[in-house]
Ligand SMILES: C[S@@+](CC[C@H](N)C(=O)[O-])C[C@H]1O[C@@H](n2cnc3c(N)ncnc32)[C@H](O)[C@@H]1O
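The chain below stands alone, shown as structure tokens; this is the form predicted on its own.
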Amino acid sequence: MVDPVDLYDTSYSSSNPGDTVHERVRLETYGEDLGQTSWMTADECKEFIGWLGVNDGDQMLDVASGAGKVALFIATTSGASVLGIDINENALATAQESARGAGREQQVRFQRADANVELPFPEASFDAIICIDSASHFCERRRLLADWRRVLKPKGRLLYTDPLVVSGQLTYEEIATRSSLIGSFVFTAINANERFIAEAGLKLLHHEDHTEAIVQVSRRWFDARERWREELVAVEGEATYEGLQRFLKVANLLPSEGRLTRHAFMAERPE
């Protein structure tokens, strides 16, 4: 068995004053630091905002919003009001602090919610939903999408990325290492997402292969961590540092060889 690695608490916590090494790593990895632990860059985020077509006055839900800077970026870029939900307490505390610091606590809000169960919102609450690289943490994809449909307004759009679409053969060891971060991971077969979207009563509007993002980001992330090894070990400990490096090697290898792919899906709730 592969020991679980603590990526999320380590990255989300704002409780270590003077700890800027993860900010440096993210800047070298993504080019623009949005506090992300996903495979998404700021440029890709702008592309996704364009897909969704959100504007001033729209209400948007960010599922698994993490440290909150992506929600802030979306709000600043589009003018929409964004509600971020996450189950990680460190993530929520950091996100709320970021919103206050940016003076956008009225436009960008955060609350604790578990996306594995029915969302605590009434029907037709949101114009758009976004979920970046986190759908693979949630079981029962069909039920999840049906609940997202419920909280979307008619003609509202949702966009999510699935970074664990199986497109080749994987060994047990590769699956275990790729799943070594805290939380559950669900690997999905090619064409399964399209079927789940249709069965949830949604209309698929757009689908693109975004595997190359993992290839590029994982390589830069690994290299940046190598450059900052000493400082990272001081913050994370040796076991977490080495575990994340093993994870990033496999995260790069599988998409590079076309055996595990990442796909972006945009769907609409019909009238």
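One rule holds for the numbers: they count along the sequence shown, beginning at 1. Quick caveat, the model's predicted, so the values are computed rather than measured.
Not on display, but discussed next: the form predicted in complex with the named molecule.
Contact check for residue 76: every heavy atom lies farther than 4.5 Å from the named molecule in the predicted complex. Using a 4.5 Å cutoff between non-hydrogen atoms, residue 189 does not count as a contact of the named molecule in the predicted complex.
Among heavy atoms of residue 138, some come within 4.5 Å of the named molecule in the predicted complex. The named molecule in the predicted complex comes within 4.5 Å of no heavy atom belonging to residue 107. This chain appears without its partner; in the predicted complex, the one residue of 115, 93, 175, 166 with a heavy atom within 4.5 Å of the named molecule is 115. Site annotation in the predicted complex: the residue of 193, 88, 81, 98 reaching within 4.5 Å of the named molecule with a heavy atom is 88. In plain terms, the part of the chain that comes close to the named molecule in the predicted complex, with a heavy atom within 4.5 Å, is 107-115 out of 150-158, 167-175, 107-115, 197-205. For the partner-free chain shown, 132, 133, 134, 137, 138 of 124-143 come within 4.5 angstroms of the named molecule in the predicted complex, judged by any non-hydrogen atom.
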